[in-house]
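Shown below, as structure tokens, is a lone chain in the form predicted alone; questions about how it binds or moves come after it.
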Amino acid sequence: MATKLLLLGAAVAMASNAMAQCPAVAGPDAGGTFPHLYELAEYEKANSCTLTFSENPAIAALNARIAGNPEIKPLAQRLPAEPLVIAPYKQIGQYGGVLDGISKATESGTSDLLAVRHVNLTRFSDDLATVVPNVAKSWEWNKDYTQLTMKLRKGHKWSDGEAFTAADIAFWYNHLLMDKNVVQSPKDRFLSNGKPMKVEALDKTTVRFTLNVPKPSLTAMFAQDYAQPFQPMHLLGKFHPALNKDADKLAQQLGFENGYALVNFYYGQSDWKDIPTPLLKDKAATERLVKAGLTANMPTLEAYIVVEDTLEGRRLVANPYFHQVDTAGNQLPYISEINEVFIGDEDIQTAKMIAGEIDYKTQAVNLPTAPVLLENKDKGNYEVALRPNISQTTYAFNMTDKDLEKRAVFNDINFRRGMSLAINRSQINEIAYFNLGKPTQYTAFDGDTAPFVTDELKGSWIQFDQAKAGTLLDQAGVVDKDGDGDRDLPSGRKFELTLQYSTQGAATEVAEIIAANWSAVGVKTSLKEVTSDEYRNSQSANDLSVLLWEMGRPLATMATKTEDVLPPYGTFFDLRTGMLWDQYRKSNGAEGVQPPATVDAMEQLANRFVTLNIGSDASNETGYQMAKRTVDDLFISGTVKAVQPIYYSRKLGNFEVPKTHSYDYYWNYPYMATQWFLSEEQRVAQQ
């Protein structure tokens, strides 16, 4: 009898423990299979508890500000059945407040704030090496890395409360990305050996990617990519002519020309998610959509949703259906709102940071501003951390310049080598980077994360030698024919360069030194500062003779795509050259200019590289050959690789200073901005 009572008591105790409130785990050592992450079942089993959930007290009011969003549902119906549990860096946070940020303009200098709200199927952990779950709960490869199967979270919902399923991923790929009426030309990273993948929804929570060749870095690509591989089929599908025979009629009833016009109004014909929202595009059309029971902006899985969008800035509120909770069961994010203002002037941006009016800023904070920021940090109640920059300021000459004589000069390797030797990189390091950098050649790969990039490659054609530079320029046929001290084109025409630049892509001091150095060897160079939008549009239109922007990728990025080593050597947001080479390749020779043979050789190397496991002997050897060809060609040249400032308020809780200043890992995305919070003092100050 006594034994039975003991057993009964033990069973009661076990049941009691199973129903106990879970501990609010936080701190540097917290986490389950992955640091600072738990799956719900994993967390409850490890702590013999059942997690109960709580919400932001203001969430109903925040939801009411999302134009067209349905009335909020109870929390139990908003959270997934399998939420991702976040163990905060330091402590359980507090709800409320407004995160104040600053950007240059719409689509300009905005990505570090985009990273605050960003989600993707996977994420890099803060070690910048381990790919961890996010929207996807788990995944599995077949033996030869040609088939990736991902499991999603049961009960995950879009921001309007509709179910998110594997069909939304298949819809994104098959009916948006691969439909030329929506995306004219899909990016290489979303293809396999230049051809479409097969993307299929096996059931509501299982999606399979079948590749044409091995691509073991596909999960890393999702972890870094700003584009989101899922879109709301429940909204866009009803207006997609390939899926609904009545799509055009429905769209016309809402004032659109046809179904595709409405799809593009929401989706924007772009995988870049920071295009102007419908709120900014067309107010009248947005009002019609809301009146018809649709959301003003497309439903999202992100942590924050845009509720105001003007030419002066954006306002965002927390997503009431976000899929993450902390270890106390609080739905994330903690911070209620984001206020993003657009200010293009660097001096005004710096002044606002000094005054402590900004809570966080990484992108477009140039090192020359660090001294004044550091000097005033106590006054403004903020901190400034200097972190290694994966990219560096690079320059390039337009290999398909509209001026045919300049184009011929730029295509002469002697010219490119001579102009590289003419630059005093030590002076750049001293004046622009306070001797905190290191002169280095552009090798496509970041030399600090790619072990096969040798010192010899990093040191090629970077010594300051204007005499040798002059000899090489002579050999390229640009000599002073009229005796005025400036070099002329081979025909005798004046040879003058205008170096347009944006402070988002290069510090003014760097541009000034380069222009002065080139002028000193007889290539007269003037400067023109422009906005990043102006720069990017001119560059993409093939209107610039000289390009100046940051470039350089970590090994993990280079293993996922080939676009950085092939014309035009990046995206709209990067440095680009050889636009007509790119046109020739895409049109199979029908348009544009045929690139030199080295481009085809690089393509063969790059296509092989993305099929190999990072760190293998084959990967390292192929990567070295790619880096060497980059240096031999000098289509893009490097200057100085240095540190860059990261600015953050002292009242920003659970903030972890990033290991690098890196767009490629998507700024703060590896550091879980959803668990940031603002102290009570900060919240009071903002009210």
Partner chain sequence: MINFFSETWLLWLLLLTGGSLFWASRNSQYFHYVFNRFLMALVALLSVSIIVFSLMEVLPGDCAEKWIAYKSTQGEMITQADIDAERARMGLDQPLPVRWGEWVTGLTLKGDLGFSCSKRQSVNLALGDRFWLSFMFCIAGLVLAYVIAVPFGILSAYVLNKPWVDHNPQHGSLKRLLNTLGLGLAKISDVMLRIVSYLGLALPNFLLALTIILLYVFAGEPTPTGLFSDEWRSEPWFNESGFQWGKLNDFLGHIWLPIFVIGWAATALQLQTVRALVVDESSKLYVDAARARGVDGLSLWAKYPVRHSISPLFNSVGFDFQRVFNDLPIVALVIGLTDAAALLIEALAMTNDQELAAAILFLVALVVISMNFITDIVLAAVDPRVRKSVMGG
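Numbering follows the first chain given and starts at 1. The model shown is predicted, which means the values in this text are computed figures rather than measured ones.
The following text describes the form predicted together with the partner chain, which does not appear among the structures shown.
Of the residues 110, 146, 466, 475, just one reaches the partner chain in the predicted complex with a heavy atom at 4.5 Å or closer; this is 110.
Contact annotation: of the candidates 326, 100, 302, 446, the single residue with a non-hydrogen atom within 4.5 angstroms of the partner chain in the predicted complex is 100. With a 4.5 Å cutoff on heavy atoms, residue 671 does not count as touching the partner chain in the predicted complex; it lies far away.
For the chain shown alone, residue 185 is a contact residue for the partner chain in the predicted complex, at least one non-hydrogen atom being within 4.5 angstroms. Shown alone here, residue 315 lies within 4.5 Å of the partner chain in the predicted complex, counting heavy atoms only. The closest heavy atom approach of residue 201 to the partner chain in the predicted complex falls outside 4.5 Å. Comparing 138-146, 341-349, 162-170, 414-422 against the partner chain in the predicted complex, the single stretch with non-hydrogen atoms within 4.5 angstroms of it is 341-349. The partner is not shown here, but in the predicted complex the stretch 275-309 reaches within 4.5 angstroms of the partner chain through a heavy atom at 275, 276, 280, 281, 282, 308.
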